[in-house]
Every structure is written in C-alpha cells, then in structure tokens.
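Here we start with a single chain on its own, the form predicted alone, put down as structure tokens.
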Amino acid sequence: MEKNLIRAISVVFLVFMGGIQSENYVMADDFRPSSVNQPGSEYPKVNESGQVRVQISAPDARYVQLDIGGVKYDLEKDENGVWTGESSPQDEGFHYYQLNIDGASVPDPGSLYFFGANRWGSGIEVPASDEEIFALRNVPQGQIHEISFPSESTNSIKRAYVYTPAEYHLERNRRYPVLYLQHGYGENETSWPNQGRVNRIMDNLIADGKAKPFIIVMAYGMTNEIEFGRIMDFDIKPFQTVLIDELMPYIDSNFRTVSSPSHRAMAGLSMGAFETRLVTLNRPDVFTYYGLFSGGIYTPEDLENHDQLKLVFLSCGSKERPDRIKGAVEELKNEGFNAVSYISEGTAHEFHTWRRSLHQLAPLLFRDLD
C-alpha cells in the first residue's frame, strides 16, 4: 500500500504547481494585481475567471514563458522589450509559478516568494469563493514563533514554526493540546505559515467559537533529500526520531502543552500525509487524532491496535480521488471508528484543498477535552 501511495504522490506532484487546465475558456480583461505581489508591483495580475497575467522587461530575451500548473504559456514582446502573456483559468486559491526566460526558470520579481517545488519561487492567489476562511480580520491574533531546536540524531540545529493562539500569552496558567502539521514534498517548514495561512485560519475559527484553542507545530519533514522519482526510497525513521524524540520534548519543555497522547494530533498534506500515516502506524502510543490531506487512507486492519484513537480525518480535492476517500471512511465507520471525510469542491492537489482541509479538521480536534 505504501508503494502505491508513493506512486500516487509522484503522479499528483506533476499537477502540484496548479489546477487542472481547460482549453475552452473565454478571455476576460478584468485583471487586478495579485494579493501576494511585492509592494508596489502591478504584475502579476489575475481576473475573475482565474487567468493569470504576467509581465516582465527582458529586451534581450529570445523567448519568455509563464510556467504554471504544469503548462507553459508563450509571452509576447512589445517594441520596448516588455513581455506579456496570460494563462488559461486556474483553480481558485494559491498556485506556485515561475517564468522561463530563454530556457532558464526564474522567479517573477513582481511576486512574493514562497518555498515549493524545492525552491523559493513565485506564487499567486486566484480569488476564492471562500477566502474568508483565511482573511485577515479584526479578531484576536495568534502568533507564529520561529524556533531552533537541537537534533542529536542529525548532529544539527533544526528549525520549526509554532502557532500559539491569541489567548496563550494572556492565560499564563493554561496548557494546550498540540497539532503537529506537516508540509508536502518540495516544501518545508515555512509552507504552512506562508502559503497555508495557518494562523489566519485558526484565529478566525477560534474567534468564531468553532475551534478550541490549540498549538500547532510545523517542522521540516526531511523529505526533499530524496530525489523526485525515487520517493519510494524515503525512510521515515530519521524524521520519526527527530519528531518524537527531539522536537516533541523541546516543545513540551518550552511551551505550555499537555504532554499526553490524548492531547496530541498529527496531520499533513500529500507527502506530509504519507509521513503522518507512517508515524501514527509505527507509534500509536503518541497521537490520538490523525489527519491525511491528499495523501492516502487507513484501513480498519491498519488501526486494529490503536485503542486510544479518537478521530481519523481523510480529505482530498474533488479533482483527485474523492471516491477512494469516501469509501475508506465508510469502511472505518462501519468498523466503529470515528472517521470523517472531506472533499474540497473544484480543487485538485493544491494548497486551497489543504487550507480547506485544515479549516474542516480544526473544529474536530480536542473538542472532547476540558
């Protein structure tokens, strides 16, 4: 099963840079600057149809392309050496992209940079119908902390990010449950805080009384050392050691956590879901809430000895394999497990699927705790 899952991750990574494209679209001219542009940059732009328009000055270039969603679009040069062009409509939400200038793939200087596809590159937000889930609202704001922790097993100092809810620094005597949340292949510990908008999702849910306050820890999953195409060679043991034997004790010592399995959850997207599955199957004594976003399933046989398990959450985009997710959850429910499925309508293997998945999972976590 693990090999099949890894093959699936390898395939869907090809569309990881964006949504499924359509050749049948009508050109619209209602372009507006992207919400994640560099300050003062007019381009890139996006319209209500989801088309992305880019522009760059490159007078000496022979050709320039926009590379988004696994498709390259030719740009046209004007008399001043400025290249402009558009994509076909993209799914709503966040997408990685890059420019190709005479065969060299480079970030667009007009956009903010995000780590994905094993590089710092450009990103764009296609307006979403439900973008209020991560909108910056006038509600109490949590904090994202950058931490460095010692890793004896790797002989290094590693970095992680920790979200604490707004009340964490006000209620000094209270301790909190923890969700360990993993990124996908080609990403790192910055991905959930940046393109995932994890703090805004949580702040809004907590402010609306839809989720209990809890801490979220986002660490590098040690995935990118494996060459793409050889993901089947990935060994979970080194990361499992870092996570359970090094990072978790550091978090419990430096943050006000409840250090018991009943107060711990683990979830991840894509390759991070694969990691979550392996770690939770190897160590059922550590976590009691499991979440896989676009990255596999559990069977009742997998969970036979998981006596403390409180929740299994499985999700994906409607353009992925939703029937497999729904079927797995029904099988788990028939065997008495508390299992929930979520399908992100109109999205594929991309960050808006995973933002929505976190938004659905968070209210289900730790709600039985005082």
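Computed from a predicted structure; not experimentally measured. Numbers for residues come from their place in the sequence shown, where the first is 1.
Just so it is clear, the following notes concern the form predicted in complex with a further copy of the same chain, a form of the same protein that is not shown.
At least one heavy atom of N199 is located within 4.5 Å of a further copy of the same chain in the predicted bound form.
Although the partner is absent here, N254 is a contact residue: one of its heavy atoms lies within 4.5 angstroms of a further copy of the same chain in the predicted bound form. Remark: K210 does not count among the residues lining a further copy of the same chain in the predicted bound form, judged by a heavy atom distance of 4.5 Å or less. a further copy of the same chain in the predicted bound form is not approached by N80, whose heavy atoms all lie more than 4.5 angstroms from it.
Heavy atoms within 4.5 Å of a further copy of the same chain in the predicted bound form are found in exactly one of 238 to 246, 283 to 291, 225 to 233, 107 to 115, that being 107 to 115.
Using a 4.5 angstroms heavy atom cutoff to a further copy of the same chain in the predicted bound form, none of V329, G336 and L358 count as contacting. Interface residue among D30, E301, D323, D60 relative to a further copy of the same chain in the predicted bound form, by the heavy atom within 4.5 Å criterion: D60.
Of the residues in 168 to 182, those that come within 4.5 Å of a further copy of the same chain in the predicted bound form through at least one heavy atom are, in sequence order, H169, L170, R172, R175.
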